[in-house]
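Here's a solo chain for you in structure tokens, the form predicted on its own.
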Amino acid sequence: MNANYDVIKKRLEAILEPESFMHKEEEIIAFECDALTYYRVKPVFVVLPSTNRQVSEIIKVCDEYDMPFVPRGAGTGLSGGALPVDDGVLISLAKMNQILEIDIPNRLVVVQPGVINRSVSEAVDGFGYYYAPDPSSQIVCTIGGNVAENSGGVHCLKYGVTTNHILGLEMVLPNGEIVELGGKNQEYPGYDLLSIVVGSEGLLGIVTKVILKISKKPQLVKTLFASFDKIENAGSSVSGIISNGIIPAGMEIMDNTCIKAVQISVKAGYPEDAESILLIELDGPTAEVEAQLPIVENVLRENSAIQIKIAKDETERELFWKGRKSAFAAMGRVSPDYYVQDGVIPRNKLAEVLTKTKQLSEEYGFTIANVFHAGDGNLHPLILFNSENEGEFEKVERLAGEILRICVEAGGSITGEHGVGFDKKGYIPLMFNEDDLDTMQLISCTFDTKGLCNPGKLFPTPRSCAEHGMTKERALELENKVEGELF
């Protein structure tokens, strides 16, 4: 424990209201993990600031006494990105949950980081607008967490991920300084530091305000699903639709294991005897959607779709999507535990990767349910197991790592939207060499010279600023190398 524990405690208590400072065992236990519950660490203190000034003062105390700190949103992350660190402070942004400004003429909304994703769309719904990024956890996840992980969602194929909808933000640097990046205009001159921060997984500072772009609701939305007796046919349908020049708002595939679990939980109207379903949403101008729909139906038939069902109204449309967005939670109906992985592959490698995943499933002896954002190749294999059986979780970890290896070998990535966090940091060398990692480290250490901000995440250990021991000579060598490659 930090030798200055009592001093730090008094300093933090002086900054916060009594109910916003926690240090007792029974108080902090609720914050020992995020949604990846298999890794748990109890922080020394949990603080819940209400203003950016409080965040700044808290971080200044941490900086003064070399105490690590971890930012946290709603705790829905699935990569251990909000996992506390030993002898550290966990900074929850839950109380910073206000929508500060709605500017319809300029199509923007200004929010604090603790605002729930879905709340933004609800706030502007009456004006005919919505916020496009829609993670499956959007009814509980926060904008601050979305910024940290560059979250996507079921509609990211057409509308992009979080970074495509951020105009600017305010953040507190690891030394306590408050800075603003970007702004309310579409473009700002100079280095694009905003894009460095979005998706940096909380390693560069704590975001305290976000300027979001909102989108006009489309004239017409058509949602449908098709069932197949082979999951490969669902994948071929995805390629066929896009090769016809159609970019749906979203395309999602679920296999039979997921379908059955969802039907038990939600009763979304999916056919339980289907090997897989492909859920498709078209939106846009009425004439465009009406022209696209028959083309999509024809592609589905060409790929041996057994059933094609179009949502008859908004209620049924929402039910179709409720089924997809409930897929992870529904696994609790069929398995005591599950481990969700997150990898990306090129669309044309879907059949190959699914075949190899099935082989791994048989080799390791675990059922793997598949649900994924088919349009952008973002896979979410769910490994079903029982944590009460000794040694099972360790085997599942190895299996999950093998799935990531397959994704990278297919030309993909180890994460699409869940982040690297604590869970996947050991696999990041599959994608990046030492020079790549050193360059990333150089950027991280520029923001966080002491390595106090969310340490132990993203980089393979040892790779904190202090542990890695990057010399000035090595930093200069990297700078010259990057400059030479650019110019």
Partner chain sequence: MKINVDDFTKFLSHENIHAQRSELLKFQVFNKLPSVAVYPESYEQVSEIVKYCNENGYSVIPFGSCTKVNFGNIPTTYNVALSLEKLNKILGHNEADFIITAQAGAKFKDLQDFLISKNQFVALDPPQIDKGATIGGIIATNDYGPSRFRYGTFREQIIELVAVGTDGKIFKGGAKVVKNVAGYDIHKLFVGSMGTLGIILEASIKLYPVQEESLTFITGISDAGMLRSYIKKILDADLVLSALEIMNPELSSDIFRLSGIRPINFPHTLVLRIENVRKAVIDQMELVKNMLNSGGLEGAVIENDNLLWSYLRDFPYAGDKNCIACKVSVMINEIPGVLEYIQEFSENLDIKIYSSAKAGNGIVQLLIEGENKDLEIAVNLLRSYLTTMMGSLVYQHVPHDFGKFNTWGDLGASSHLMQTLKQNFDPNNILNPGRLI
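Model, not experiment: these values are computed from the prediction. Residue numbers count along the first chain shown, from 1.
The form predicted together with the partner chain is left out here; the points below concern that form.
The stretch in contact with the partner chain in the predicted bound form, judged by heavy atoms within 4.5 Å, is 210-218, chosen from 137-145, 210-218, 299-307, 315-323. Annotated contacts: Q359, G391 and L399 are all free of the partner chain in the predicted bound form [non-hydrogen atom within 4.5 angstroms]. A residue is said to contact a partner when one of its heavy atoms sits within 4.5 Å of a partner heavy atom; E201 meets this definition for the partner chain in the predicted bound form.
Taking the partner from the other structure, the partner chain in the predicted bound form has a heavy atom within 4.5 Å of a heavy atom of F459. Although the partner is absent here, V124 sits far enough away that none of its heavy atoms falls within 4.5 Å of the partner chain in the predicted bound form. Though the partner is left out of this view, D435 does reach within 4.5 Å of the partner chain in the predicted bound form, counting heavy atoms only. When you look in the predicted bound form, the only residue of N378, S237, N117, Q341 with a non-hydrogen atom within 4.5 Å of the partner chain is N378. Proximity to the partner chain in the predicted bound form, taken as a non-hydrogen atom within 4.5 angstroms, holds for one residue of G416, G250, G75, G88, which is G416. Of all the residues from 420-447, those having a non-hydrogen atom no more than 4.5 Å from the partner chain in the predicted bound form are V420, I428, M431, F432, D435, D436, D438, T439, M440, L442, I443, S444, C445, T446, F447.
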